[in-house]
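The data below hold one chain only, encoded as structure tokens and taken in the form predicted on its own.
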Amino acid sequence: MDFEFSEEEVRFRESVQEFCKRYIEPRWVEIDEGGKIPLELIKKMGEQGLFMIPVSEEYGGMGGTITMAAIAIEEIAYHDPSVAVAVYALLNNGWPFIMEKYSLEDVKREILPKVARGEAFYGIASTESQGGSDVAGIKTLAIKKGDKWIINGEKTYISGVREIQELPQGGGYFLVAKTGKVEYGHRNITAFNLILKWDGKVREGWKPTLFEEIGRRGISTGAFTLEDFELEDKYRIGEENKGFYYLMEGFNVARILVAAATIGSGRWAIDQAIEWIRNRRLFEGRPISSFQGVSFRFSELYGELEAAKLLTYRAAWLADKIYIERDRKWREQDLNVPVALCKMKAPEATGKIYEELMKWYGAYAYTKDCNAFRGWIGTLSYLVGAEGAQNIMRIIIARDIIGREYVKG
């Protein structure tokens, strides 16, 4: 067993750190307060190669690994602990990777280079109002007519709705829709490259709205309806009625990157805690770290974050074995528990760190002069359900370890 990053990975982390210190760290509060990632920053991130890290170089990617993508997302989140910039980056790493695997060649060449350069956005559109984790219950319907699909339905709590409208090329989503009867189940789901705005032109049949979120405000969240939206069949991803399986692959990668983002934010919170408990003095000048009620709790939380980090990079390593190296020793289902563990552990560990940090700060934490609340609320989004609810992760773990037949509802 080797618990060290390779020399290439260490150098890569250093290059991302340097970029983040220069372009993200000085602006993260402004980004969160203003509710918008500047387009010039998105462009700089594209130039730096922070999008499509595990995508092949021939499509504009870096030809790297999921582990390297996790490293980048962790560092971005450390320098923007509200995680908004990290969320933008993780979406434009994970979903283009799955899109590359199953889309037609000319579609990949059309879309991916523009995403890599930061000219277009590519995210995920699966959640509907009746529930995000219940993918089998989606109601968006795609009906094939000739060489086109006519899509009707709505998606909600979708990231990037504003960015698609504002970026020069636009962008779209990895969309899943029913391509048979709208009945409960996963065998009639097909995936599409839903291109909503391209070459600066918004396509007909797309009606977006925006939500006002309480955290990670730099990246937009919204909803949209599709009304007789026409999409050429070439934009279908993979085989008809296999979209559920492609979506689960995408979630495997996305959940690893989400865990990495919350770890990066948690690291920032830990560093703020160390500085505060060393220097905050009470009762005849004692640092509050000298009280066991503080230092013992700090030790527990530090351990939880380290455990989450190990789980996350173990899952990333295994994903590389399966998806990048195609090592036949491993099966895709071997990722189920490792991915669910890191997605379960990392946001929860970070949430606990922020809660304790704010208690240590005291009343100061309840002001906007203290920026801890930005990280707390931003990472909270992954406790309340984004990229899979926390209890869904528990179901996956219980199902695979105890046995599916013993955990059925």
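Keep in mind that this is a model prediction, so the values were computed, not measured. From 1 onward, residues are counted along the sequence shown.
The next section is about a form of this same protein that is not shown, the form predicted in complex with a small molecule.
> Tell me, please, which stretch of 230 to 238, 154 to 162, 137 to 145, 299 to 307 lies within 4.5 angstroms of the small molecule in the predicted complex when heavy atoms are compared?
Single hit among the candidates: 154 to 162.
> Would you say all of Pro54, Gly64 and Ala319 touch the small molecule in the predicted complex, counting a heavy atom within 4.5 Å as a touch?
No: none of Pro54, Gly64 and Ala319 comes within 4.5 Å of the small molecule in the predicted complex.
> Quick one: does Ser15 come within 4.5 Å of the small molecule in the predicted complex, counting heavy atoms only?
Close contact is absent here: in the predicted complex, Ser15 is far from the small molecule, nothing within 4.5 Å, heavy atoms only.
> Contact with the small molecule in the predicted complex for Gly131, defined as at least one heavy atom pair within 4.5 Å: yes or no?
Heavy-atom contact with the small molecule at 4.5 Å: present for Gly131.
> Do Ser126 and the small molecule come within 4.5 Å of each other in the predicted complex, heavy atoms counted?
It does: once the small molecule is placed as it appears in the predicted complex, Ser126 has a heavy atom within 4.5 Å of it.
> So in the predicted complex, does any heavy atom of Ile401 sit within 4.5 Å of the small molecule?
Output for Ile401 is no: heavy atoms all beyond 4.5 Å of the small molecule.
> Of the residues Thr221, Thr179, Ser289, Gln272, which one places a heavy atom within 4.5 Å of the small molecule in the predicted complex?
None of the other options qualify; the answer is Thr221.
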